[in-house]
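Heads up, the chain below is alone and in the form predicted alone; it's given as structure tokens.
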């Protein structure tokens, strides 16, 4: 479906857009993409379907906006460490952001698991976000790893932290920050 061009909307409508995104985020975290209907989103946001379609041409476009907004906020908060940034500061920052953005990360996980059923453009955007997380790990690990090992260790660290995050969200006695610190100590 072609995306409609949209005019700039008044502030009241930006509040409606925010309610739609909040409702979609909460519902997909609980029910998954396939289990979340436009009707459910509209009911939770307190709007009708025509209001939703004023902002988003499709369910997929809506959830892409949810991912884009969350990714922008999260990735800005955990910007790649720069020269002179202590590893410990980077670890503490990421751990804080994982806690503060847990809902977004749950949504991202759900969407990654269901991405095969979505458009190639949606899958490509998900892959781009995952690539950015590997770039972050590469920047953190570069001073500690041989260049030949950097990509492999970045993938290993990201996968380990993904697993720790899932375990933590499931209520297991795991600390993402402690896992990150131990990973870096091992390296």
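Because the structure is a prediction, the values reported are computed rather than measured. Residue numbers count along the first chain shown, from 1.
There is also a form predicted together with another copy of the chain; it is not shown, and the following applies to it.
Location of another copy of the chain contact in the model of the complex, chosen stretch of 137-145, 114-122, 47-55, 62-70 [non-hydrogen atom, 4.5 Å]: Contact-bearing stretch, as computed: 114-122.
Site test, 155, 162 and 166 vs another copy of the chain in the model of the complex, non-hydrogen atom cutoff 4.5 Å: Result yes, every residue of the spot touches another copy of the chain.
Contact of residue 178 with another copy of the chain in the model of the complex (heavy atom, 4.5 Å): Result yes; residue 178 sits at the interface with another copy of the chain in the model of the complex.
is_contact(residue 26, another copy of the chain) in the model of the complex, heavy atom dist at most 4.5 Å: It does not: once another copy of the chain is placed as it appears in the model of the complex, residue 26 has no heavy atom within 4.5 Å of it.
4.5 Å heavy atom contact, residue 31 and another copy of the chain in the model of the complex: Yes, residue 31 is a contact residue.
Another copy of the chain contact in the model of the complex: residue 101, any heavy atom under 4.5 Å: Flag for residue 101 set to no.
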